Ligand SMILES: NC(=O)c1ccc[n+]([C@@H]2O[C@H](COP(=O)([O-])OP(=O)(O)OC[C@H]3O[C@@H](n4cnc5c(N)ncnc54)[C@H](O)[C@@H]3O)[C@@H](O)[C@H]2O)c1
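A single chain, nothing else alongside it, follows as structure tokens in the form predicted on its own.
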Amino acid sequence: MSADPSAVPPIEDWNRLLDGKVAVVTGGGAGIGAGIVELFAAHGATVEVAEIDPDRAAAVAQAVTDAGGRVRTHVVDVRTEEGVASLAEAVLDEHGGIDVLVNNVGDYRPQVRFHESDPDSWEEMYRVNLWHVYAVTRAFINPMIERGGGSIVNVHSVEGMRGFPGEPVYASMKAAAAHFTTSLAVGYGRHGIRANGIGVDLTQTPQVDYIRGNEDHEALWEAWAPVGRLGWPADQARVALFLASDMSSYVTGHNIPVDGGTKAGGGWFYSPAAGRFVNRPKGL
């Protein structure tokens, strides 16, 4: 840490907020993850990307390289012990440690509703939404301590910060990721490590497509989100950049909804016409 940890970069350096830093981003090949990778690289970080899909890994590497950034991709599955070990070994052999960790992997794909679910479906949800957050963080936290500290950003969901009628198992795992973040911040702050989370909602990604098949979506945003528009990966990436950089040097233990205001505005409504809970005006 610097002699004056409250110091922030002078305004002329705000376009290089991660200069010289090593950042690891999981699930960095598309969507929010790719947005974070590209923005971090643009701000001077060397980015190490974990991505399960080789085509996506190649695409984000090409995009960053073409823009003059520094990136390496690792085609691994961070839902497995082997994948996490392979990622950590490759990154630490190259750099010795890291400065920023973004746990971005996650997905919402319940096979059935809760009353029809079973331990196999819970395990699948656990691996993709929570287990890897523990495992990847554990793999890098000692090297981060040895390096003098750093920033951890856990990307979860606004559904872990409010009641989610659609899938309580998913919501509980996102809530666990959020509370893990808060507790990690308290436990490791004296080692120079900050930990914060991002609660995502209403963001256009390959996993959650708000546009396809919804031709009139533009007319619905005034009712849908308090900010009146759809979110994009860049919206999440900018918050991740703030949390990763020294601009947030006195911010830790917080989970920030990056949701266009849906948590503040309520989010879920029961529609008698649809016979279910909805969060899209079209379904009311």
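Quick note: we count residues from 1 along the sequence shown, nothing fancier. What you see is a predicted model, and the numbers here were worked out from it, not measured in a lab.
Note that the form predicted in complex with this ligand isn't included here; everything after this is about it.
- Not displayed here, this ligand is kept clear of residue 168 by more than 4.5 Å at the level of heavy atoms in the predicted bound form.
- This ligand is not shown here, and in the predicted bound form it never comes within 4.5 Å of any heavy atom of residue 164.
- Residue contact with this ligand in the predicted bound form: residue 78 places a heavy atom within 4.5 Å of it.
- Although the partner is absent from this view, residue 155 contacts this ligand in the predicted bound form, with a non-hydrogen atom inside 4.5 angstroms.
- When contacts are defined as a non-hydrogen atom within 4.5 Å, all of 52, 107 and 205 contact this ligand in the predicted bound form.
- Residue-level contacts in the predicted bound form: of 200, 71, 98, 125, one residue has a heavy atom within 4.5 Å of this ligand, and it is 200.
- Residues placing heavy atoms within 4.5 Å of this ligand in the predicted bound form fall in a single listed stretch, namely 168 to 176, out of 89 to 97, 186 to 194, 168 to 176, 145 to 153.
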